[in-house]
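The chain that follows stands alone, in the form predicted alone, written as structure tokens.
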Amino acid sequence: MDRSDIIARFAEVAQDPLAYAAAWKARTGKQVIGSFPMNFPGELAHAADTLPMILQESDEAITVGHGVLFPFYCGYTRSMVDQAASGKFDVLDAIMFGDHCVQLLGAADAIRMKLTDTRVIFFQLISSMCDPWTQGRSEESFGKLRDELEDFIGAKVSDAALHASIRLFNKNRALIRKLYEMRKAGTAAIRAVEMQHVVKSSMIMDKAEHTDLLQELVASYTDAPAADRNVRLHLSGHFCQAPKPELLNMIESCGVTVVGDDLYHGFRYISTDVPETGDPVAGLARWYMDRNTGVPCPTRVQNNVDWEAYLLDAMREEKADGMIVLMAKFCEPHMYYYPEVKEAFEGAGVPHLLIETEHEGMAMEGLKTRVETFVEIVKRREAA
């Protein structure tokens, strides 16, 4: 397949993940396990010979879900409940989730109520990342999750199968990180929405199939760095749901090149590998803890890690001129932490722009005016 065909395939899966899951299930006769973001180790479900897929916010308007969940919950959780209530999740054999915000817990309870014939498994993850018991408690959580999976599929998940899945997932992450490096260096002219398709489809597709296509895609970028006069920007935020493609396209249409991000549907998802030797459950616990050091998350607590410091360092490394923060409406962890990011960036004299996003749609023309103004401010600062 050529480059455009591969990206088109990734886009197709990203735009209709449940259709891909249904086709995969019909083709293989195997089970599909959906999970909530952000810390479910897909390697466990893959080692159990199922298809792990991270459940995605739907583009469709929320209808029956309005009667189930509060309207002040974020768009992602309301979309999850709406899809469950309207029968869209019937393809799923089980759903697994860990807690990282109050809204997620409420959505999980509502989904349990609506999907009475679907196994809904909860695993508790410790949120304090720097205590002496964190590693042990994390191992305990992932060990219990493994037990739940084994009970669900009626078979043991062997260490050998888990190690094989870890190696495959690590290879997939490494290939996507290679794309990030090439985009930053200018040797891969990949747009923000295309990168999102790459990452989002990795959350959904059979990992071996996705990895094979990724290898072809990475090999297709052999161009030398080209001169780029656009403003180089870092995109930050959006922990659970993917930013709308039209928003990403609008931002880049304002004379912007996105050179880095810490989006969940971006570098946050693929930032950290699982150790490939030793006890695999202990390795998954190490992955969980290391992820917060690699790309800090405001849903976790770690005294020696600051998200704002990470962002400033990342921008310097990317040679980014400014940052656009994408904050999903009613995302409490992001809302609580953003003032620290704002204060740090103002203190460092680094320009940034906050855009609040909504499931129900946004006034794109008004947002475009704001982005164009921001880009002009960045250009004038650079000129000065």
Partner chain sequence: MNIATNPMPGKKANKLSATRIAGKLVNDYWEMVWRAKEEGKLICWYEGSAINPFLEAADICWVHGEAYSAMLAARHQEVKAQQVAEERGYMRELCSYARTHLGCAVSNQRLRGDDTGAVPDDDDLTWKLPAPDMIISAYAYCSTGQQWDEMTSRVFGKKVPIFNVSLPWIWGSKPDAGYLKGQEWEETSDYVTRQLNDMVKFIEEQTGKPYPWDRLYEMMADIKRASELRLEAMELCTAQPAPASFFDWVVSIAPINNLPVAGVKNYFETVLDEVKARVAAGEGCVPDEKYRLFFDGIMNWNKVGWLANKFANYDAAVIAGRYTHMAFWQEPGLINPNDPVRGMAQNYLICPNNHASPILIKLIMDLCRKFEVDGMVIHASRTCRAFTNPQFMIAETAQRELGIPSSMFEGDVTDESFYKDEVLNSRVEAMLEAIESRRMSVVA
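Residue numbers count along the first chain shown, from 1. Please read these numbers as outputs of a predicted model, since none were measured by experiment.
A second form of this protein, the form predicted together with its partner chain, is not displayed here; the remarks below concern that form.
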Tell me, please, which stretch of 350 to 358, 45 to 53, 318 to 326, 24 to 32 lies within 4.5 angstroms of its partner chain in the predicted bound form when heavy atoms are compared? 350 to 358
Is its partner chain close enough to 70, 131 and 332 in the predicted bound form that each of the three has a heavy atom within 4.5 Å of it? yes
Can you check whether residue 340 is within 4.5 Å of its partner chain in the predicted bound form, heavy atom basis? yes
Distance check, residue 244 to its partner chain in the predicted bound form, heavy atom within 4.5 Å: no
At the 4.5 Å heavy atom threshold, is residue 158 in contact with its partner chain in the predicted bound form? no
Taking its partner chain as it sits in the predicted bound form, is residue 163 near enough to touch it, meaning that at least one heavy atom pair lies within 4.5 angstroms? no
Residue within 4.5 Å of its partner chain in the predicted bound form by heavy atom, from 168, 102, 218, 189, is 102
Contact with its partner chain in the predicted bound form, heavy atom within 4.5 Å, among 194, 262, 308, 93 goes to 308
Given a 4.5 Å distance limit between heavy atoms, list every residue of 92 to 113 close to its partner chain in the predicted bound form, or none if there are none. 97, 100, 101, 102, 103, 105, 106, 108, 109, 110, 112, 113
